[in-house]
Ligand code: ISL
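Read the single chain below, which is given as structure tokens and is the form predicted alone.
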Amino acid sequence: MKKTWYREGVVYQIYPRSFNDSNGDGIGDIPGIIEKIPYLKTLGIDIVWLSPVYASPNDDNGYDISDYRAINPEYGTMADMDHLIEELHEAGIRLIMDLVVNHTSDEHAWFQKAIAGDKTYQDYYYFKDKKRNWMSLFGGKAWTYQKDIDQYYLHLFSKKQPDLNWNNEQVRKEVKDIIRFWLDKGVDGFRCDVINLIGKKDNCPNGRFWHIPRGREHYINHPKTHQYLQELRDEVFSDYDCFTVGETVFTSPKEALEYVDEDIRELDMVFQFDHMGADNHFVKWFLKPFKPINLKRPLSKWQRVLADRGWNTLYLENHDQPRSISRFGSELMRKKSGKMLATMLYFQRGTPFIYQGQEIGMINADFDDIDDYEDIETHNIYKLGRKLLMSHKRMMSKIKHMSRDHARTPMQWDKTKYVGFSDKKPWIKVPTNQKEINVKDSLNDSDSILTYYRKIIILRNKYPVIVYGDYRDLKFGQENLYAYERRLKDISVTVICNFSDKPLATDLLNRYMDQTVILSNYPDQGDHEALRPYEARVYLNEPA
């Protein structure tokens, strides 16, 4: 596997609206991010992924873009953005931005010209005389009537996010120009939002009734998508030292290889969602009890199938997912389970992605009122559930487990009223169940989750086997045990984790008792008979 900076680096995702407010308006901003660059250096990360800061009416918190070459005034100015790029690079940190080109905002000039009757710009989108039966990925219908031109338009997400027509060569040219604009500014790559949805079947026919969401067979991983991505790679990305990570929903490892195989490289890596179904029936609102095997099975599958042909992303959290400790660990044993989850994940083969607040062990918010939630998807799902006669209590139970807003509450810097994020009331409520979880205390605590994350990053930098070594599962069938080995030539690293709040006996501990423990989430090594609750150990074997 070719050595590259984006395979060896560690990515930290910043959700700018909730990271740090520098001007006291309750909204995070770009100058606020610049203020925290020393913290990012202390953590040890190499790459920042910045969620959208483009001009936007914020129907979907910035993923509805009205101008790709302008900065949302809430976040600052283009001069602030240039300063951020400069300061990050000065600190040795690269920057990737969100590339949101499956859709625009309905307030984008292109869409406004289209609904004003301009035929040229109508072909930038999907307008039809008759609506199709497709379902939106946010719930509800995916085709909305536009009375100005007496036609229906496609939006796979919010009705304020009309889908772009990539069949149109001029649309593709516009996108290439946007990409070059940002790469020429010094941006180091892109996280490509829902990029496997950009190709649609000609004429957008009705979908089959048994597919959820309906219509998905006509746009998910459509063959045209590969044509479009190859064009971007050959005509734009190949001219820069950059990397791309694609968000690819409803994608199998075999399908992912069609994007990331070393011999193809339409994308450098993809975000897959198989393991995000560990506590639900893949559609996240259909909940099921979490079992470790439902996390281990998909993660292991992606390690095996991609192996030496493609590169994995390693993540448990992002701006669309609830907090991982609340989902897969234990809020009662927050420190131990948070460290165990990090150990389990970040010693696997792939590029680590850390979401803001994950490194201090933030958990789901304790919001009880639907009005405390700001997320459009959450409100749409609540309305849909109530329309389907589900009780308020049942819908709130789903939302308290899976809402995207759990990841969007303010970054907790200290114990002050607004957790050091701002000196004014933030745009979203501050949880009351997290007062003891903050950066300031974590930096001063040698046993904190933050300190543990820093240790993991140091180990990744020290031992190439953690980055490039082969992956092999151990004792795969043992309940609540997650164990695997990484090997590069004659050096090996073995990871053994207990996914439960009870002791777990395993003979693996005897097998590796003569090896060096280079990381553990307990202060002592324990015995060789059983792992303690949520215990994680990492063993190193290298020749003298």
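If you're wondering where the values come from, they're calculated on a predicted model, not measured in any experiment. One-based numbering along the sequence shown.
There is also a form predicted together with the named molecule; it is not shown, and the following applies to it.
Residue F138 is the only one of F138, Y153, Y124, Y471 with a heavy atom lying within 4.5 Å of the named molecule in the predicted complex.
With the partner removed from view, the residue among K160, R327, R265, R404 that has a non-hydrogen atom within 4.5 Å of the named molecule in the predicted complex turns out to be R404.
Contact with the named molecule in the predicted complex, judged as any non-hydrogen atom within 4.5 angstroms, is confined among 188-196, 175-183, 231-239, 440-448 to 188-196. Shown alone here, E485 lies farther than 4.5 Å from the named molecule in the predicted complex, counting heavy atoms only. The closest heavy atom approach of A91 to the named molecule in the predicted complex falls outside 4.5 Å. Not displayed here, the named molecule is kept clear of R323 by more than 4.5 Å at the level of heavy atoms in the predicted complex.
Under a 4.5 angstroms non-hydrogen atom cutoff, the named molecule in the predicted complex has R408 among its neighbouring residues. Contacts of stretch 469-501 with the named molecule in the predicted complex, defined by any heavy atom lying within 4.5 Å, are made by none of its residues.
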